[in-house]
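Next up: a single chain in structure tokens, the form predicted alone.
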């Protein structure tokens, strides 16, 4: 049997063109129902499980391409920051963690941003990616958000921020916490210029970002089921020693209690953002198609 396994089978595979490698992520499992979905089908559906509607994590480049007209945008130049200002080390060196995250995600840090248009309206959009060290807020992420907001100022356009983060980056200590007031100042600059600042909360949004720029928007939208809060529900339950209500800190609960304006499925999000930007910037509304005829949307 070993001879058959070790020689005959590899020989046949070689004659047939070699072993066909199957990507590990070809099939994706729904965390809610356990349904297996083909990756390309999931990608075509904006990373939303078709049957359950569960919103999977969407890569920042895919989100930006879907958001901007024709998938085209000009990347915002990000300022350079010290790589390891505190020479921090816990179980591993911070520089090693950064190197691994950069190799895995193919980007320098957790925030990516671009300048473009949405249905013809100029806009700057930034995406905070939870896949990069939990979307944690460090000096690089803080600088990226400030630079993106100031790009919106320079172009006199609306600013949209897709937020997903576990909070401040502990490896940068007080330098990380300093990004909370810095980004708050940049938000105020947008406000003084009369430019819309729209926040889209994407699962999960916790920690210091919730105590700063994530909750300072003119409009707050959220994807369904997103966890939004400062401390996690388990920590709160352990602190107050009480059972929290069902759905506590989820997007729908926050909407019902006035913390989120609307919960919008990902497939409808682009159209919703386009309408909001046009209303807030006083641009003409796009014509709507109803029963095969064009109708101008009410402004």
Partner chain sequence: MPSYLDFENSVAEFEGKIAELKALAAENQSMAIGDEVKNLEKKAAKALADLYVNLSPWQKAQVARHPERPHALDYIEALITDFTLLAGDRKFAEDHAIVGGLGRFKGEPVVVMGHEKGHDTASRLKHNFGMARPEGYRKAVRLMDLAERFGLPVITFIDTAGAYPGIDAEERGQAEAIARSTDRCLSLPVPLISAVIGEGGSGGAIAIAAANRVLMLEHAIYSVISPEGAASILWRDSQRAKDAATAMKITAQDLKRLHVIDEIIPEPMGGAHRARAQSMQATGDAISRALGEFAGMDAGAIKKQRREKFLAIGRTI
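As the structure is a computational prediction, the values presented were derived from the model and not from experiment. Positions refer to the first chain, counted from 1.
A second form of this protein, the form predicted in complex with its partner chain, is not displayed here; the remarks below concern that form.
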*Option touching its partner chain, based on a heavy atom within 4.5 Å in the predicted bound form, out of 98, 180, 115, 107*: 180
_Just to confirm, with a 4.5 Å cut-off on non-hydrogen atoms, which of 82, 75, 194, 120 contacts its partner chain in the predicted bound form?_
82
*Per-stretch contact check against its partner chain in the predicted bound form, the hit in 46-54, 248-256, 33-41, 263-271 (non-hydrogen atom, 4.5 angstroms)*: 248-256
*Does residue 236 reach its partner chain in the predicted bound form, with heavy atoms at most 4.5 Å apart?*
yes
*Taking heavy atoms only, is residue 26 within 4.5 angstroms of its partner chain in the predicted bound form?*
no
*Hey, in the predicted bound form, is residue 71 touching its partner chain, heavy atoms inside 4.5 Å?*
no
*With the partner left out of view, is residue 176 within 4.5 angstroms of its partner chain in the predicted bound form by any non-hydrogen atom?*
yes
*Out of 194-215, which residues reach within 4.5 Å of its partner chain in the predicted bound form, heavy atoms considered?*
210, 211, 212, 215
